[in-house]
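As structure tokens, one chain now follows by itself in the form predicted on its own.
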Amino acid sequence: MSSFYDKIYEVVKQIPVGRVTSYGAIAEYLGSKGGARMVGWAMNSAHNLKEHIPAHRVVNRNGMLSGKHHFPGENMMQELLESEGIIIINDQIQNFDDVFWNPVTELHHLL
């Protein structure tokens, strides 16, 4: 399990500042198309790691901040994304298609 989490974390570390991806897109890139929930679990665990994993850049397939309750404070996930220039209204990323980063098409030789 931890080696799959390590692969997830390696993908998440590649997401550029000011871009986001989805749990499902990461799972698909890793060959586990139905593994979005496991990616979510990995993001929940990322806060316990010594190494910084930009988990705030991973959202649900609709651009909603579905994992925001796993961050400290009331709006930490939103604040982190907004500091990177992403616009959010009512927990929804605006212009989601424009800021979406797809590891399937962007990463070719990571793993």
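Residue numbers here begin at 1 and follow the sequence given. Computed from a predicted structure; not experimentally measured.
Just so you know, the form predicted in complex with the DNA exists too; it's not on screen, but the next bit is about it.
Engineer: Consider Met43 of the chain shown here, and say whether it contacts the DNA in the predicted complex, taking contact as heavy atoms within 4.5 Å.
Structural biologist: Within the cut-off, so yes.
Engineer: In the predicted complex, does Gly24 have a heavy atom within 4.5 Å of the DNA?
Structural biologist: Output for Gly24 is yes: heavy atoms within 4.5 Å of the DNA.
Engineer: Is there a heavy atom of Ser83 no more than 4.5 Å from a heavy atom of the DNA in the predicted complex?
Structural biologist: No, no contact at 4.5 Å.
Engineer: Using 4.5 Å between non-hydrogen atoms, is Asn75 touching the DNA in the predicted complex?
Structural biologist: Asn75: no, not in contact with the DNA in the predicted complex.
Engineer: Pick out the residues of 36 to 64 whose heavy atoms come within 4.5 Å of the DNA in the predicted complex.
Structural biologist: Stretch hits, in order: Ala36, Arg37, Met38, Gly40, Trp41, Met43, Asn44, Ala55, Asn60, Arg61.
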